[in-house]
Every structure is written in structure tokens, then in C-alpha cells.
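Before any questions on how it binds or moves, here is one chain, the form predicted on its own, in C-alpha cells.
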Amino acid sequence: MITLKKLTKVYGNGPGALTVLDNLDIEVAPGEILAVTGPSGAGKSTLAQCIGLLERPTSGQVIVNGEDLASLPERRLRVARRRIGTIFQSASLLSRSTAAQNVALPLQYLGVTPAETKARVAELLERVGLAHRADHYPFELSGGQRQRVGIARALALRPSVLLSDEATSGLDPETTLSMVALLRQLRDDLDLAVVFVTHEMDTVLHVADTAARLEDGRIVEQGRLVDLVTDHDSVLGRALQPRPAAAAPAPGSTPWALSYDSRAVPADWLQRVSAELGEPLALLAASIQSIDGTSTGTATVGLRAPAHQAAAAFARQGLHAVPVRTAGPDPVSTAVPRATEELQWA
């Protein structure tokens, strides 16, 4: 388990001091993946560095398995740091060392015997699906394979906490999904507490159990993923919900933008609303997914019915509904004011 209490990082002194992290409280349980996201300059990189103790917090605590690492002297900190494995944006592999040699580095540094090192490296490369690439050099591996070697190296010292700092950035979508699946499997198999720092909102949906939004050094929103995406008032929840381009409604129909606003939206809500209103509903677009067994998502429909009746009918099915203004080239985007504009993250 990892717990951050009142974590603060300030650079400089006096009037020119810059507070990058401001009293953060975060807890990640064993077997849980927390995604931390936010705009550029929000403090994500500094947070990752403070969790890994590459940067000393100005104040506050970084507690791993009950011990406050931030308060330890340097000698004890070097030992305690082994509890946190880190995967970086670039795998940072030694170019003149093979995959196996790169994974072996932390073990060799600690003086583990060659026989034990060989066995541990073979186990780790097998776990990340690269046993057959053990003797290949980084330039002979794809980007995704290099990151898998980085994961294996991060696990070499059997950490209880895994920190992923923009580890999927720059990977193609298929490789990213493969990496995410591997992280979730490792989380389950090894009961890891994982902190996944990213700006990629699509990836958050696939990897996280919980999520937190960092803004100007503060956690402004956090919670279980399913709670965020079923709360239409959640800025983070809206940003996590993809809204595909919708087909044009039939003449005389009003397009409505819908989002799941409940954990109990029935699968046949389209038919139920149509039957209640006595009008057919045209499904113009939809993006529905399951999170923790709960259906969530967004949809756009077209129908002919008075606005107040339609809104009430949708609400009875657990759907938040907004009529779409049809002016402009992209009518759907106007239905969720600044849902994406509020989070122009890079």
C-alpha cells in the first residue's frame, strides 16, 4: 500500500517560491491501479518523482507499507526505495546491453549471485512475454517490447508499489492496450499498488480502478472510475467519456446528447423511452463500455417530442439528457459545453 499525506513540494524560497504540489492526500491499496491525470504543468511529473523519492518532498509523507520513506536518512532510503518499481516514459535501457542484461542490473547492483540473477531474469522476461528476446539488444526490439523490458526491470527487486510515469506515451494504440493488459495482469498476480501517471484519457478507461485529476498542484477530483463516469457533473468523468461523431437527425427531429447518470441504466433504455413517449428514437451515435460490471457511456439520439417530456423520460432510465444545438459544423460537441475544452491536456 502507498499513502501520501499532505505531500507538498516547493521550489525556491521567499516571494519567488513556487509550490508545485500542495498538500496532496492519496491512498492506493494493494491490487489497485490509480490513474493520475491533468494538464501540462499541473505537477504530474513532480508527483511521480516525489513518490519514487527521486525528489524529496518539502513536507508531508510518502508511506509505503506503513513506513514513511520521506523521513528516512539517505542510507535507509536507498534500501526502502526498493519497494517502489518505476517504469519511465522512455524505457531508458542501456543500448549496449541485452534485454536480459538490462533486467539484471538492479540485482547485480545489490550483489545477488549470478545463479539467482539468471533465474530471476528468466522468470521476469517470461512474465512479460519476452523470454524469446532475452539476448536481443534494445535497437532490435519494438517500442512496446522495450517498455516490457523496463517493466521487468522495475519488478526485479519485488516491489510492492509500481509507478508508471507516462509509460504508454508515444506507443501506438494496439501496443498501448497490450501494455495496459499486462499491467492489470501484474497488478492481479503480484497484488501491486500501481500509480499510473498519464495524460491519455482513453488509456485511463482501460487501466484504472480509481482516478485523480491534478490541477495547479492540487487534487481537485478523485474517486472510483465508475463513480466518475456516471456523474455528469464530474469534469474528469466527462473527459473520460468518448463521444463519437453522430449521424444527422431526420428532418423535424431534435438530437439529444445522453450520458449514463446511474449504475442501473437498463440495456433496453432506447425501447423504454420510445414506448413512454410514443415516438421512435433514432440512435445517431453511441459509445458504451463496461466498468466494474457497470454499463457506462454516451449516446446521441434523434426524436420528435416536447423537450420537458423527453428529458423526464430519459431521467427515469438513469440518463442525463441535453438537447443539442444544431448550429455549426459539429452539433454534438455543443451538447456538452466545454466537456473537452475544460481539459485540453497534453
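Don't overthink the numbering: it's just position in the shown sequence, from 1. Bear in mind the structure is a predicted one, so any value in this text is a computation, not a measurement.
The following text describes the form predicted in complex with a small molecule, which does not appear among the structures shown.
In the model of the complex, at least one heavy atom of Gly41 sits within 4.5 Å of the small molecule.
Taking non-hydrogen atoms only, Thr46 approaches the small molecule to within 4.5 angstroms in the model of the complex. Taking the partner from the other structure, the small molecule in the model of the complex has a heavy atom within 4.5 Å of a heavy atom of Leu18. Contact with the small molecule in the model of the complex, judged as any non-hydrogen atom within 4.5 angstroms, is confined among 276-284, 32-40, 291-299, 304-312 to 32-40.
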